[in-house]
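Listed next as structure tokens is one chain, alone, in the form predicted on its own.
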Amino acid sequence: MRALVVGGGIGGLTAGIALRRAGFGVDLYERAPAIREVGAGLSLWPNALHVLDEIGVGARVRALGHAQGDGRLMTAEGRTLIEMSMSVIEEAGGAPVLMLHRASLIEALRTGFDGAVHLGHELTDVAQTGERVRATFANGATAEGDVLVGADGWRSAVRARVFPGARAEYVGYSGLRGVVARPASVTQTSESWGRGARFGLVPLVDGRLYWFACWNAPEGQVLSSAERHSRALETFRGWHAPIEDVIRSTDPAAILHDDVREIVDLPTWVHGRIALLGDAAHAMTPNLGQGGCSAIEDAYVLARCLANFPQVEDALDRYVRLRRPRVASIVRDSRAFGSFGQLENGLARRVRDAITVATKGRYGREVVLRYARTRPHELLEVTE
């Protein structure tokens, strides 16, 4: 069997590795002239690390990051609401929460993929005839395979051609991301909550610091590099140290800006011999750190289903049955966490903070554990 994978990001490369490990021929198509990722950090939770171990690249990935230590949830003024212990998650999940630069993960996955890679291939059309699926690209190239995997992100060209009614819905807040040299004062991960805004600090390896910020805003604001920098300084002026200094020290050209969106009105993730995974199927808010992890899980489950079912359509049906309920739950919980953190009303925020302190963050811990403790074999069990 030959698989065509469209997209050279986390989900596409993981799918390529998993499919190759299952014995399939794989051609991966990326529209960019090189496979690379820029500008941001990410967390890999135990559920994703176990999958990467299962497909043979876990050790390579772990070597490029470090375990997230204990952290804090704070107010904009610097008052600690709760201490966030990672030991409970690591013990229950059987692996750490790994923090690393997204570019490092992409490089590790690219090194681990031994299939054919075709760069500069922008998908323009897909068609199915009998037991084959055909992809056409802007450069005039075509390719045929037994199955096509759309792993090309929330702007997915594959999804646009098979599910044109699906859309990416704005959730009400916009975000910035950046990486800088880590100040000596930052020794642990933290997230701080203010009025309709949040700011996070995440130490990476090699003395770097990943920061993220989000604030409630109208949809579709286009900001230049300089405007991103000034907007961040304006939004987080007066917040506790070292937030303003971190923003000031960031090269404006290196700050990424995205409206936070979810994919809606998508009736299924498969169409004949075409399957979607990762953000192409279920772009979600980043509040649980499970976006990339879910793409990794998707890729693993899809490869196992194709290996276990001789008929492609049966395999893809099984893939959807296994993945959609879990992902729907993650999307729902992540959205709820974001709404909780983005409150603007003063009374509502005081109540929120009081509940967080009184419960010591128990609800949040239980939610993240629900997903983090999952082992690869459990992903292959129908829970309906």
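The shown structure was predicted, so the numbers you read here are calculated from the model rather than taken from an experiment. All residue numbers refer to positions in the sequence shown, first residue = 1.
Here the subject shifts to the form predicted in complex with a small molecule, a form of this protein not shown in this document.
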96, 242, 196, 286: which sits within 4.5 Å of the small molecule in the predicted complex by any heavy atom? 286
Please identify the residue among 121, 271, 228, 110 with any heavy atom within 4.5 Å of the small molecule in the predicted complex. 121
Is residue 6 near the small molecule? Define near as a heavy atom within 4.5 Å, in the predicted complex. yes
Would residue 349 show up as a contact with the small molecule in the predicted complex if we use heavy atoms at 4.5 Å? no
Please tell me whether any heavy atom belonging to residue 149 falls inside 4.5 Å of a heavy atom of the small molecule, as the geometry stands in the predicted complex. no
I'd like to know if residue 356 sits close to the small molecule in the predicted complex, meaning any non-hydrogen atom pair within 4.5 angstroms. no
Do all of 16, 115 and 306 end up near the small molecule in the predicted complex, with near meaning a heavy atom within 4.5 Å? no
Counting any heavy atom within 4.5 Å as contact, can you tell me which stretch out of 216-224, 309-317, 83-91, 151-159 lines the small molecule in the predicted complex? 151-159
